[in-house]
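Heads up, the chain below is alone and in the form predicted alone; it's given as C-alpha cells.
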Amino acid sequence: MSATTEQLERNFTHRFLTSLRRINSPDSKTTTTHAAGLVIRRRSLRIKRAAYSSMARAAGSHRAWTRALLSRARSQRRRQQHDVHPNYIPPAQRRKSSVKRAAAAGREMGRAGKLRGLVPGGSRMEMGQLLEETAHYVQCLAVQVRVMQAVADHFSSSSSM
C-alpha cells in the first residue's frame, strides 16, 4: 500500500467510525417490534450514506466524483430536513430527468457510457478525466471495502466472545 492509500484509509476510517457513533446514538433506537424493520432499514441507509460521504470527504474535494457524492448527500439531507420523502422528485425535475433519459437513450451506450453511469459525476467528464477519476474512485472503493470488512470482523469477533 502506498503512503497516499494509507493516509486515505486512516482518514476514511476516522470519518466513518465517527459517523457510525452518531448513527448508533441512543435516540435512534426503538422498542416496538412493528417499527423495528423500518428502523433497521433507515439505519442501513444512514450507514451507506455515511460510508460514501466519509469516503468522499477523506479523498478531498479536488476530485469530481467526490464533489458529486457530497452534493448528492447534501440534497438528500435537505429533503429529509424538510420532511419530504427521500424518493420524492418534484414534477418539474421529473420532466427534466425524463428528457435527459430520452436523449441518453438516443446516444450509443458503449463502454464509456456505462462507465459514466458508474462513476459519480461521470456524465459531465471528458474521456481522459473520466478514466483518471475512475481509477481513483476504484482505489477509494477498495479502501472502503477493507475498512468496512475490518469493522464487521471486529464486531463479529467481539460479539462471539
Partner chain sequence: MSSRRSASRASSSTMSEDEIITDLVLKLQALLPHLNPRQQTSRQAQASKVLKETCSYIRKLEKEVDDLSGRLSQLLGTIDPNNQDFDLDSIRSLLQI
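Numbering follows the first chain given and starts at 1. Note that the coordinates shown come from a computational prediction; the quantities given were computed from them, not determined experimentally.
As for the form predicted together with its partner chain, it is not shown, yet the points below apply to it.
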key: its partner chain contact at residue 158 in the model of the complex, heavy atom, 4.5 Å   = yes
Point to revise | Interface membership of residue 35, its partner chain in the model of the complex, 4.5 Å heavy atom rule | key: no
Query raised in the report: Looking at the partner-bound form in the model of the complex, is residue 119 within 4.5 Å of its partner chain by any heavy atom?
Result: yes
| request: State yes or no: in the model of the complex, is some non-hydrogen atom of residue 68 no more than 4.5 angstroms from a non-hydrogen atom of its partner chain? | output: no
Taking its partner chain in the model of the complex and a 4.5 Å non-hydrogen atom cutoff, the residues of 115 to 137 making contact are 115, 118, 119, 126, 127, 128, 129, 131, 132, 134, 135, 137
